[in-house]
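Below you will find one chain, with nothing else, as structure tokens; this is the form predicted alone, and questions on how it binds or moves follow later.
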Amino acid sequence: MLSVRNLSITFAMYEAGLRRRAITPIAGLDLDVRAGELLGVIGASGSGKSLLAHAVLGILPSNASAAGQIWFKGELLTPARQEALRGKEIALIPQSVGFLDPLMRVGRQVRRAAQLSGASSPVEAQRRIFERYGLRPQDARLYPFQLSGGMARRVLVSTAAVGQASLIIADEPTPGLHPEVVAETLRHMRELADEGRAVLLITHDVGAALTVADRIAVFYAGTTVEVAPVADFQGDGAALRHPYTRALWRALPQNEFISLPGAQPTPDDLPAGCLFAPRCPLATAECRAARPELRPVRGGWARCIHVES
């Protein structure tokens, strides 16, 4: 459904004295999402998760330039095609309920989404999607500020699911929500994938992603370091491939709760070789000389020269 190949995103920045410099928060990122699959994307803040969503949708800011290729349903996703498909074939569930228009009743907002997607009867489409997600007919007349957190989240899901979008991008849909609302939101994500859509779930919550995802993509400093089946995230993490993924798994409170020394490099100070080398216990001179390629390893993918096939 979606293929991202060697994606890099660079921002032009200006400092004091109007000196221009460039930073690259995403460099050489690769990703695939299949129809009927929920792919979880995890990683620390600043690893490029939300930027990937914006690049796919074609909503990067004007000072950003992208290189590489993004393919959707086997065709290159050009800016013109992104504009034509956005909100129709490709839908976004944003991370904040603040994305709802505060001056418009929520029913009308969902009807607008249905109309954009080409629904023959937006009113009927909105009624059906509200019924599906447990929203009452009278809720359509409410404004966003009149909704509970769970209701607002269901409205956001409704705006993405009301059409016939083949790809759903959910950008941090659960932060700060009650555990019951988190479980409900994740269940909706899983249902969308089970309908045959591709779902890209971007989240900091590793545990939550593991409950609904088919595979997990791990980002570090703007690149993909591993893509692994959910079943590999168990025990001591021995089935995982990349040392960063294993360290991330061990750092969870329910596991060993062991923190990883050091910090993720900033986009304006990336190491020349492997981006994880400065923190990696396996790093060698070869790691510091060149960035490794993402390669297939034991039923998954890893960007590491030390991982065994």
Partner chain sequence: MLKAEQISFRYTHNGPWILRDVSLAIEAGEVVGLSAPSGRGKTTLGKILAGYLPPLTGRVSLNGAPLPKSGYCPVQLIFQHPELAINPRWRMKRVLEEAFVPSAELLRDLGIEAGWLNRWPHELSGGELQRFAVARALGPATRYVIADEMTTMLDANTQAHIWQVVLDHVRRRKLGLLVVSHDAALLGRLCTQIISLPHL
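Numbering follows the first chain given and starts at 1. Quick caveat, the model's predicted, so the values are computed rather than measured.
Omitted from view is the form predicted in complex with the partner chain, to which the following refers.
Note on contacts: among 204, 112, 128, 190, the single residue with a heavy atom within 4.5 Å of the partner chain in the predicted complex is 204. In terms of contact with the partner chain in the predicted complex, the residue from 67, 59, 282, 263 that brings a heavy atom within 4.5 Å is 263. Mapping the unseen interface onto this chain, residue 258 counts among the residues with a heavy atom inside 4.5 Å of the partner chain in the predicted complex.
Not displayed here, the partner chain is approached by residue 179 to within 4.5 Å at the level of heavy atoms in the predicted complex.
Among heavy atoms of residue 118, none comes within 4.5 Å of the partner chain in the predicted complex. Mapping the unseen interface onto this chain, residue 251 counts among the residues with a heavy atom inside 4.5 Å of the partner chain in the predicted complex.
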